[in-house]
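The chain that follows stands alone, in the form predicted alone, written as structure tokens.
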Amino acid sequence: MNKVLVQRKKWEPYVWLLPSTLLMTIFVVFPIFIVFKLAFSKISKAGVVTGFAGFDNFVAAVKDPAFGTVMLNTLIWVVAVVGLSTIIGFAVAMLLNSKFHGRKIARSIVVFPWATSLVIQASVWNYIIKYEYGNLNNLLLNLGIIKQAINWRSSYHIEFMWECGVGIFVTIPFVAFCVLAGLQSIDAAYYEAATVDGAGAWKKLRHVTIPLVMPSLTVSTVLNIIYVFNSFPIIYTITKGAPANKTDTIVTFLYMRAFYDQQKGPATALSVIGFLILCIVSGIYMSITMRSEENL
């Protein structure tokens, strides 16, 4: 009887893991395999695979005149949105973790931008910054801050800054609540011990709060890098990459190549390039973070 129980304990975990493993294989592993296969294939405009292309799709994707601009935009987009949303989100989490009247209402308000569809968020902001009838100009005119309407979209640089701003705005709640979960798990005894040792607010933040909340911060940052890198609705809704791919990121760029220009081979190669970049960046970040945690 004991042998039966021992054997059962050995294979029972695999039975419980089987459904999720099958789902991961069908909806994640298999599609990735298909994309890699298509990246090395000749694909007609109708989407039919006509043969093996080797690295031709990758060469065509990299030689595209807009490729350098798109990759630089993607780097700026990810660094700006993830970096600033992490800093601001951490500060918001610290504020929401403190005790004040109406804290529950404040938490509900903060989570609203993240819970709303990105398409809706981008459409609202697109309307706010309109030159002719945008709410921002109307508000500033009514308050007497400006005397005439300002063209908030006078150049693609400014438009791209607005897109980054919207990305930061909708990402802050996710970071804030990930960090808030970590803050609430910290035992008050750590702060009491730090107070006894004469530590001030800054030292408590540096030597107690940040090290203990780092696992939550690592998870939110890695997920943010993936989400922001693959973010499509904000940029497509506001500018569609115009003018001439100057505000495109790799995701919107490959979409336009695949469905507007009918260049499905190079577009698939771009998706593989993006996937590899994400794997490398996420791996490096997690490796650095884990080493820093070990040294604490």
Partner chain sequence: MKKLTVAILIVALAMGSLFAQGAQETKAAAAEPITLDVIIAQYGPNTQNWFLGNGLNGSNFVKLFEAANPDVKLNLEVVSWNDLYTVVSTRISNNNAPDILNIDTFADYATEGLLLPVKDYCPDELYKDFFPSFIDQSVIDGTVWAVPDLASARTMYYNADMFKEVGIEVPATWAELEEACQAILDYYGGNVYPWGIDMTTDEGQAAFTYYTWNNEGGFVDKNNNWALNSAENVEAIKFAVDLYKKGYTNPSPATQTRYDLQDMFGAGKLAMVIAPNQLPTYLADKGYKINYGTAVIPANEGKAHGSTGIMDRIMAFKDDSYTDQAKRNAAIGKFLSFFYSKDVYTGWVSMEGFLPAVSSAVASLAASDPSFSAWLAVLDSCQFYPTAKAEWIDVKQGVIQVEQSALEGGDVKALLDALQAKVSK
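Small disclaimer: the values here were computed from a predicted structure and weren't measured. Numbering follows the first chain given and starts at 1.
Below: the form predicted together with the partner chain, not depicted.
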query: Proximity of residue 156 to the partner chain in the predicted complex, heavy atoms at 4.5 Å; finding: yes
query: In the predicted complex, residue 98 touching the partner chain (heavy atom, 4.5 Å); finding: no
query: Partner proximity in the predicted complex: residue 191 to the partner chain, non-hydrogen atom cutoff 4.5 Å; finding: no
query: is_contact(residue 240, the partner chain) in the predicted complex, heavy atom dist at most 4.5 Å; finding: yes
query: Position in contact with the partner chain when the complex is considered in the predicted complex, options 54, 47, 68, 31, heavy atoms within 4.5 Å; finding: 47
query: In the predicted complex, segment of 124 to 132, 191 to 199, 222 to 230, 208 to 216 with a heavy atom within 4.5 Å of the partner chain; finding: 124 to 132
